[in-house]
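The chain that follows stands alone, in the form predicted on its own, written as structure tokens.
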């Protein structure tokens, strides 16, 4: 029996977020530069998306480029931006035909013009699709997101549009880039690292974490199925005790 057949399709996480790590190490193992790994990682995106479609996951968020990634060597950054443009342009027809909706989180204004144009075009092209929503975290930083939300709320208070007593979790979340997206129930990180790297810090408060030694270019459908099975083995209590959940 395959891992897919073992999954309880009535208990699949609505939103899965993935930190795609290990491209550089994978490339070095093959005797190539880091960009070689990034290129091969595109196929793993396809694998993860197919697995999401097969299991009924509604939202799939991929940490594609963080604000900290600008500190990498210029050659790698330029190559990543070119790869993003090429991949989005080449994949949008198939994504659209498969009813996939594309969204983005992060500061898209900081992306190169060509990347931003390809991204916005794909978002517009797929905006009415009703299948899996593929969310690309680009030029994203959770600290940036939280600070930006705080500034927006402070501005509303200064203009008399909001009182400090009116600030609730719901109000705060409406100022996040994920305001139209449910919090991830499952967070996956590849390559054996055990940290969240400034990703969705507010949103993962009650997420289940799944860490795998698999490097991202080796990540296949089966790996996502195993992560979902791991998720289904957990008891999600949200601060309660088991007896309360089993009443």
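Residue numbers count along the first chain shown, from 1. The shown structure was predicted, so the numbers you read here are calculated from the model rather than taken from an experiment.
One more form of this protein, predicted in complex with a small molecule, exists but is not displayed; see below.
For the options 100, 115, 123, 80, the residue carrying a heavy atom within 4.5 angstroms of the small molecule in the model of the complex is 80. This chain lacks the partner; the member of 57, 196, 45, 214 within 4.5 angstroms of the small molecule in the model of the complex by a non-hydrogen atom is 45.
Only one segment in the set 218 to 226, 176 to 184, 64 to 72, 201 to 209 has residues whose heavy atoms sit within 4.5 Å of the small molecule in the model of the complex; it is 64 to 72. Annotated contacts: 106, 111 and 139 are all free of the small molecule in the model of the complex [non-hydrogen atom within 4.5 angstroms].
Among heavy atoms of residue 12, none comes within 4.5 Å of the small molecule in the model of the complex. Taking the partner from the other structure, the small molecule in the model of the complex has a heavy atom within 4.5 Å of a heavy atom of residue 25.
In the model of the complex, none of the heavy atoms of residue 96 sits within 4.5 Å of a heavy atom of the small molecule.
For the chain shown alone, residue 84 is a contact residue for the small molecule in the model of the complex, at least one non-hydrogen atom being within 4.5 angstroms.
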